[in-house]
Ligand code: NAP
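Below, in structure tokens: the form predicted on its own, a single chain.
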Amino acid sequence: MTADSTRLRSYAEGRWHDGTGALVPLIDPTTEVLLGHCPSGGLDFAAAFDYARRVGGPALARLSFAERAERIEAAVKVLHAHREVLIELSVECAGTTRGDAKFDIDGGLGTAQFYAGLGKTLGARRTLLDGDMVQLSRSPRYVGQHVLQSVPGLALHINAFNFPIWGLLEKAAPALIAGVPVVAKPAIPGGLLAYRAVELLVAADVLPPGALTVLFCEPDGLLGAVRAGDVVAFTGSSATGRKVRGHDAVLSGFVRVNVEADSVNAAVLDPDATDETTTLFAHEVVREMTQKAGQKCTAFRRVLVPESRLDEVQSDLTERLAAVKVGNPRSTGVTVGPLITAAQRDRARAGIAGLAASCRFVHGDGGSGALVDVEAGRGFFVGPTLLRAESVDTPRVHDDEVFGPVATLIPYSGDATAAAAAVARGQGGLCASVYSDDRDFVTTFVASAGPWLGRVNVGSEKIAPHGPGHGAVLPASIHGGPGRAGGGQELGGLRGLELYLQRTVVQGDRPMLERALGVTPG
């Protein structure tokens, strides 16, 4: 791709828009070569939203769940046919290795395919029944039936930079199956990848008109176009999440909001974990630190290790990290590429400096380290960095999510309740993993830590060969978490549709409701 050969356009009102305003440069994070530009503004958000509601909503409403599923499945096939092109573009514009690019692209396609399959099982319906018909009076004729129907507006999706494909599809697929048109706002960093995917979908004409609007621009003024009946789903920082929740248009329209935000995720090792389970623990800690250069909302930031095993674990982890190659993601053997922008690199380094004020380095120092096949002074690199805290009371270790290949070893007493209390100091998280073969340890930990988490993953000797591991966000399981993680919930099979459905109870004469709602008598 030649410099400035691409200028991102937005797809709205059934056509492409060039946009105006200052041009935001799109940079290869490995070489710092200019790849293109994204206009900062010039879009009529109100008109784009109106078209989505007025054209996209009715177009989806005319389709059954199964018919919507067919459209999603067709979209998956289009993108899968161009998978190799998308992988190569991810390496170029997002600095991912091929493996990390596949993690994003295949994760998104797999999630969309899952929801296509789920939609097919719902069949020719357009409304879901929620539970059984309930008798409401002495007469068996007077009953109530809870139903789930599409919200009357649109779904505004504000996506993060770290998963351009997965983030787009994991939000869009449930909304479209639910019959709600999507307006997506991808992040500009890495936006070339999402842009290419949208170009492919538009060219293939697989989705109903107005079902998908994608805006490539700065977000200023975007939330002002939402109104009653819309839904907003945001992924990003907790500070921005608070602004989204508190926006005047969101508050005045009582707009439903889902937020996925900061999370200081934890790995916990049982003092009596077997050698196999300890090996699994070490493998997953290193993988979570290094996959996508640590730019994952699920990545471990805290590694809780029993005091009696801290030196042993530290030695194992530093040996594994020493073997990791950082550099040009196009080069053989490199498993850690750059962070996506200079700003993200600088934020990560500032976060590391903050941790280092009370912790000590045991591997790396927050710098680039030795790089493979990278021109001197080029690229937005942070080498894998492992710090060690003196205790669970060390300042900042439970507070700072450093979005890069960074984690902190934290000693704890070895008691499951103490481990759970340390995890809870993160004030709510997306996920934590406990590595144990002891049912009592796991039971105690889950009972205490579970209410602070959206997901608890249990790693053990028996599951090691079978489970995808801590970092896999699976469409059949919920994704989200309480507290500082945003309090939101996405995916989870049918639960993923509920954000876009309104629950209503219909009360009346049983035979009439059975006919009207398609309920099998009895």
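Everything numeric in this text was worked out from a predicted model, so none of it was measured. Heads up: residue numbers just count along the shown sequence, starting at 1.
There is another form of the same protein, the form predicted together with this ligand; it is not shown, and what comes next is about it.
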property	result
Among 328-336, 255-263, 138-146, 193-201, the region lying within 4.5 Å of this ligand in the predicted complex by heavy atom distance	255-263
Close approach of Phe161 to this ligand in the predicted complex, 4.5 Å, heavy atom	yes
This ligand contact at Lys185 in the predicted complex, heavy atom, 4.5 Å	yes
4.5 angstroms heavy atom contact with this ligand in the predicted complex for Glu218	yes
Any non-hydrogen atom of Gly236 within 4.5 angstroms of this ligand in the predicted complex	yes
Non-hydrogen atom within 4.5 Å of this ligand in the predicted complex for each of Leu60, Ile177 and Arg227	no
Of Leu409, Ala282, Val76, Leu223, the one that lies within 4.5 Å of this ligand in the predicted complex (heavy atoms)	Leu223
In the predicted complex, the residue from Phe380, Tyr115, Phe403, Phe300 that sits within 4.5 Å of this ligand by heavy atoms	Phe403
